[in-house]
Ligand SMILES: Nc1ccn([C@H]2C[C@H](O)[C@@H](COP(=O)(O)O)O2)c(=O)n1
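Taking the form predicted alone, here's one chain by itself in structure tokens.
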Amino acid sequence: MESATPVIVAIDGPSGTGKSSTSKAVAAQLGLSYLDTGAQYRAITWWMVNNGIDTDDPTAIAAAAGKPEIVSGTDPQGPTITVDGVDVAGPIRTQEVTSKVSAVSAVPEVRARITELQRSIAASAAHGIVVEGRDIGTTVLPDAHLKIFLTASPEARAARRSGELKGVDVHSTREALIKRDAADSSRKTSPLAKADDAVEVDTTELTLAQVIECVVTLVEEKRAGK
């Protein structure tokens, strides 16, 4: 890809819509950096659990929010994440962290801390960056050059999630996703929401390759000034 003006791409949407796979592939294809913001919230949640912070106590979470040092690598071919120098790419995907991340990430002090981190990473991406999450286009990077909101039916999302997590029941996965959506959409601070100027892409009937192709085209059009 020719060295064009750095482009900041915000990709939002609920779990199971293909955000991570799409974002990584698009960034790799276009020579952009990549940031998984969900991993940062998982990382701070992992730290809270590991350090005995009561994740049902927003005051305790708020008091500890500034303590862990979270570093995100932005290479889409091999994104990394460390907390206080420890590689947590595996541990943050456990069921324990997954079950607590919504509560931790709803605390305003946590969001303020992580949002600041995300903005600094985006600002320092020399060639541009694809940032994926739930509030990127609305809160973190409201001036992103391109905002995309991925959606899919709960059934499609549950099937994908169950495929990723071998041996997981599709029905219970669907129920968990709907519960997570409700928590993320209704929280007071930076809820999951589609930005007014975002392009919505429904991935229910699309293959991953088709979603990637669609997003790459949108980015290239934006770069070309269309």
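Throughout, we count residues from 1 along the sequence that is shown. Just so we're clear, the structure is a prediction, and the values are computed from it rather than from any experiment.
Same protein, other form: the form predicted together with the ligand, not shown, and the subject of what follows.
**Student:** Flag S102 as yes or no: does it have a non-hydrogen atom within 4.5 angstroms of any non-hydrogen atom of the ligand in the predicted bound form?
**Tutor:** Answer yes; at least one heavy atom of S102 falls within 4.5 Å of the ligand in the predicted bound form.
**Student:** In the predicted bound form, does R134 have a heavy atom within 4.5 Å of the ligand?
**Tutor:** Contact with the ligand, yes.
**Student:** When the contact criterion is heavy atoms within 4.5 Å, does S33 count as touching the ligand in the predicted bound form?
**Tutor:** Judged by the heavy-atom cut-off of 4.5 Å, S33 is well away from the ligand in the predicted bound form.
**Student:** Test of understanding: in the predicted bound form, would R180 fall inside 4.5 Å of the ligand by heavy atoms?
**Tutor:** R180: contacts the ligand in the predicted bound form.
**Student:** Please name which of the stretches 141 to 149, 121 to 129, 67 to 75, 93 to 101 has residues with heavy atoms lying within 4.5 Å of the ligand in the predicted bound form.
**Tutor:** Stretch with heavy atoms near the partner: 93 to 101.
**Student:** Going by heavy atoms, what in 188 to 211 lies within 4.5 angstroms of the ligand in the predicted bound form?
**Tutor:** Nothing in the stretch sits within 4.5 Å of the partner.
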